[in-house]
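Single chain ahead, written as structure tokens, the form predicted on its own.
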């Protein structure tokens, strides 16, 4: 049996990686010069690298390792399923037990009449499915002109051509011919950076009404759907003002368009409920899921679909699917992950223990010279960095320069904490304990102190004019 272990010195592993491995969202030459950190083991909220450093994972991998690392139960379920039925597709009028059980469980957990699941291998694939699904829905309903999907600037919905088009990341749109036709973006509800002199409440209403303006501009007969994350994750953990989502819901109810909640990050406990839609009282027609569905132990995603949309799609042959839709091993692992979340009361731990404690620690950091705002929903939070708290000023340097400096100091202090522009974001495993949160924030404060010193030393402590 071939086993891949840390059988080489770190430098040799880095050289091999540089020679053959193309990383996502990475400048290859810069990474080759620096050398990637080689992660070899993980347990709970802790990572270990090839040099033996223990690193606290403040990002749960990529927002996904909700139950933490090293759960033997998931390994045992995967091995058992591989022995029994390692693969079969769900094309050609076939199915299998794990996918049946997982679909039924998701229908039980999802709110309202979201009772049907179309499986994919990732959130990107699931959002590509959603494009096909909502347009097919309106075709079958006799309204083929309803093709436009409205999204938000700075949203993230995946990195395939379809899902990357739904997202509002300008850097992604600059490569590969995106966005595809009939995708339109309105402004994000980021009060800290874009609210000006408006109160958060006024700003929330104003940004929500941009959806109505877009509907009226293009015509209701051309709008298929609106897609949004309950809380924008990769965009910097942007938490909309309280007035925003009620107004979005009113507009979606008033006009004949479908509402898609992208729950890839927010789902499966991250916000303190099973889904972010429950936390923020959103009533979607479709929810996109992935990440926390299996806690990252297997690649799996999907779309949870309401009765009406599923009924219409089911009345025709929907010419769409993936080789690994509802993969039996991934489905079995996801089921075990959901069992652990449910039986070990992980979501209650988020809501009643971890999130309140994390909120206190984050708010304590607002006394730091660089931190202007701390925002948190459940166990996803962000710190806005600014040279002037009163005016919410941006730095004069290129956006992200200061954030990157602070991120590097986090990594140097064995803390995984990410930056998006000049915001520091955090999203730890849901099982994190208060004493681990203490360690995480001791390291975060040290990193911010070191980052602040470097920003001052390099002459970057200047507000944009």
Ligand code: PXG
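Positions refer to the first chain, counted from 1. The shown structure was predicted, so the numbers you read here are calculated from the model rather than taken from an experiment.
Quick note: we don't show the form predicted in complex with the ligand, though the next part is all about it.
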query	finding
The ligand contact at residue 249 in the model of the complex, heavy atom, 4.5 Å	no
is_contact(residue 396, the ligand) in the model of the complex, heavy atom dist at most 4.5 Å	no
Contact of residue 124 with the ligand in the model of the complex (heavy atom, 4.5 Å)	yes
Non-hydrogen atom contact residue 412 with the ligand in the model of the complex at 4.5 angstroms	no
Segment assignment from 257-265, 200-208, 69-77, 132-140: heavy atom within 4.5 Å of the ligand in the model of the complex	257-265
Check all three, 229, 234 and 418, heavy atom within 4.5 Å of the ligand in the model of the complex	yes
In the model of the complex, the residue from 156, 297, 119, 244 that sits within 4.5 Å of the ligand by heavy atoms	156
Of 327, 152, 285, 291, the one that lies within 4.5 Å of the ligand in the model of the complex (heavy atoms)	291
Within 59-98, the residues that have a heavy atom no more than 4.5 Å from the ligand in the model of the complex	62, 63
